[in-house]
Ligand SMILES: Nc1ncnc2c1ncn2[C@@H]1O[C@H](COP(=O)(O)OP(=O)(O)O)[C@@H](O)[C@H]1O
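Heads up, the chain below is alone and in the form predicted alone; it's given as structure tokens.
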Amino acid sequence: MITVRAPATSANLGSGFDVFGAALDRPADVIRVEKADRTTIDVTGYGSEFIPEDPANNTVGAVAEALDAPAHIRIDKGIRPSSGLGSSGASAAAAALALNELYDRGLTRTELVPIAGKGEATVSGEVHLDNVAPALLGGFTVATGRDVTTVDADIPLVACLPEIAISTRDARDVVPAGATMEQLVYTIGRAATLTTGMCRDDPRLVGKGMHDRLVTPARADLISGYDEVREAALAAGATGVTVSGAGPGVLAACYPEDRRDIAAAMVEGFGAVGVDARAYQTRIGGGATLSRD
């Protein structure tokens, strides 16, 4: 039996729509695989009741098919579905790494990224690598087409997850179809600032680079209490706040000594509008880890 732990991830990071991603050191999914004549899937854990066990409709089933690696697959969800924290991407990445090892396919982690992306497409409807890349490779990732660049960054973060569900497909429907020259120039500048911050392990630059005037405002409108939570996090010391992935998760960059206060402020911000939430005091972490049982 092969066991893989794959981390939650945050995609976009505000200014890097469909390009930027970051692995979080918590929470995570755990997947166990054993060889079988045909693929079967069992799902337990956080939000498991909403995840189909039919391989044709599950991210890991698509990965098993792509690798021609039938298996009995057990998924223990630590990352809630429809959270904006890369739930489907983590499962797909874990399955790709586990099945590659189980069947000795000999693919590198970088080569597994597009295969995991096929699994992600089962949920989102399109292949996107901004979640599966950091889940496999760790750190801060820049995914452009099939090319992925990784930075081993160390940035403290707080991820706050409200008890709201937003599907990736619904969140993509509100993305503006076009942008003005001013918006493009602003976004490029912020994306460059964020990337520089990642390379320097500088929370101030990362937070500054998260600000986005194009995609984030449209998605923020889907999240009850987003403005209140953002202001509360900034007041508690966050250097930047944005929607995590498609939402409803909200991500804050910060200095390590401020994480506890920021986490409490974000949960209280959602509570002020009648929404329950939980916060993860986390940081940019490593990619999926594998063990043999």
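All of these numbers come straight from a predicted model, not from anything done at the bench. From 1 onward, residues are counted along the sequence shown.
The protein also exists as the form predicted in complex with the named molecule; that form is not presented, and the subsequent description refers to it.
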* Structure fact -> Which of 182-190, 87-95, 140-148, 103-111 lies within 4.5 Å of the named molecule in the predicted complex, heavy atoms considered? The stretch 87-95
* Non-hydrogen atom within 4.5 angstroms of the named molecule in the predicted complex for each of 224, 265 and 279 -> no
* To do: Report yes if any heavy atom of residue 59 sits within 4.5 Å of a heavy atom of the named molecule in the predicted complex; otherwise report no.
  => yes
* So, in the predicted complex, is residue 208 in contact with the named molecule at a 4.5 angstroms heavy atom limit? -> no
* Is there a non-hydrogen atom of residue 82 within 4.5 angstroms of a non-hydrogen atom of the named molecule in the predicted complex? -> yes
* How about residue 220: is it within 4.5 Å of the named molecule in the predicted complex, going by heavy atoms? -> no
* Heavy atom within 4.5 Å of the named molecule in the predicted complex - the one residue of 115, 123, 164, 160 that qualifies -> 123
* To do: With the named molecule left out of view, choose which of 237, 45, 70, 52 has a non-hydrogen atom within 4.5 angstroms of it in the predicted complex.
  => 52
